[in-house]
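Below you will find one chain, with nothing else, as structure tokens; this is the form predicted alone, and questions on how it binds or moves follow later.
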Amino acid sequence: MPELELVDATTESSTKTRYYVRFTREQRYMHAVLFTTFLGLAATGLPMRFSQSFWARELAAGVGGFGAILFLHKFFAIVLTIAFLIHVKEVLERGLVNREKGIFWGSTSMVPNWNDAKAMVGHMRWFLGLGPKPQFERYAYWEKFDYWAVFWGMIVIGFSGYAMWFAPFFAHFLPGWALNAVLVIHSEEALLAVLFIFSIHFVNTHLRPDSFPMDMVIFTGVESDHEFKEKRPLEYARNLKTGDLEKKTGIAPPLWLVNFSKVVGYTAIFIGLTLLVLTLIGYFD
């Protein structure tokens, strides 16, 4: 009787690529709202920040003046605020109500830990040819930095923006100098966010050698077995050991979704880089 050969169910066959879910549909929708409203806020906020620049005046004239730009800026701010509050509610509900493990600490958490510091140092050493390439878990240190930079920016930029919008109300609680300060804080923090997202975030996410020219996973929600192993080997090994790898199995993204994602992604990157160039022109003009 021939001996039966045991085959690992997670082994990728030579003729078929396996896919694993990284982001849920809700997370992808939230990201779509986030980057759409951020582009809208940047496209309407920068002309007001650099209103003396020729491109700002031309843009304002094209949409009906700076009054129209301010209206659109407030609209995008409201939508983004609602999305942010929904996200905070979801995190608190998962962590405090549902007692979901790994939300606030651990290998699957967005909260930085000591391993992230060691991975960052190891990455710098690898860049200089002084050590091996570090291995990463579900979220790399730069992804956590991106997340908390946006989270912090939402609080600071959001509060200062609403303080300017509803100045008579906030004047009951804040002294006059504080209301003057929020104008500077809102302007400079928003400018920092634009420069960060359109340079550092774009490079870290899409322009790295293993993702160039675009990381599609945030649009399709899935990634191939090869991408999973190469980008986050520690997460892959952990899921393989615990038997959770099969639970993450997804299906290959349809061609229409891939093409649609490319159009949306490249358009967002083009708009972002254009706004980055206009920002630099306005800043040094």
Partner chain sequence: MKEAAEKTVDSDQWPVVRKIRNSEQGSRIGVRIALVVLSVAVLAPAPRTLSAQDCLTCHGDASMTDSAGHSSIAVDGKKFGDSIHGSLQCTNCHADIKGYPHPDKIAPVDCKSCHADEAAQLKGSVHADSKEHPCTSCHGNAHEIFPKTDARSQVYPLNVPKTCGQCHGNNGMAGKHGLPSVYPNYIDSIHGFALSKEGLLVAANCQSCHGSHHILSRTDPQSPTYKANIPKTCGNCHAKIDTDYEQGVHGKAVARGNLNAPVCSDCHTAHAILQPTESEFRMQSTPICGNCHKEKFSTYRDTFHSQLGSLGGYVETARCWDCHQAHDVRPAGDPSSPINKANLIVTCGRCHAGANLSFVRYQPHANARDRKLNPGLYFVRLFMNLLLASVLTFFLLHTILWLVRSRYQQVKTKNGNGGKHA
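Given the structure is predicted, the values throughout are model-derived calculations rather than measurements. Numbering follows the first chain given and starts at 1.
Below, we turn to the form predicted in complex with the partner chain, even though it does not appear here.
Taking the partner from the other structure, the partner chain in the model of the complex has a heavy atom within 4.5 Å of a heavy atom of Tyr141. With a 4.5 Å cutoff on heavy atoms, Val111 does not count as touching the partner chain in the model of the complex; it lies far away. The closest non-hydrogen atom of Lys241 lies beyond 4.5 Å of the partner chain in the model of the complex.
The partner chain in the model of the complex is not approached by Val97, whose heavy atoms all lie more than 4.5 angstroms from it.
Proximity to the partner chain in the model of the complex, taken as a non-hydrogen atom within 4.5 angstroms, holds for one residue of Val150, Leu92, Leu179, Val79, which is Leu179. Distance criterion of 4.5 Å from any heavy atom to the partner chain in the model of the complex singles out Ala56 from the list Ile218, Leu245, Leu39, Ala56. The stretch from 233-241, 59-67, 248-256, 24-32 that comes within 4.5 Å of the partner chain in the model of the complex, counting heavy atoms only, is 59-67. Of all the residues from 208-222, those having a non-hydrogen atom no more than 4.5 Å from the partner chain in the model of the complex are Arg208, Pro209, Asp210, Ser211, Phe212, Met214.
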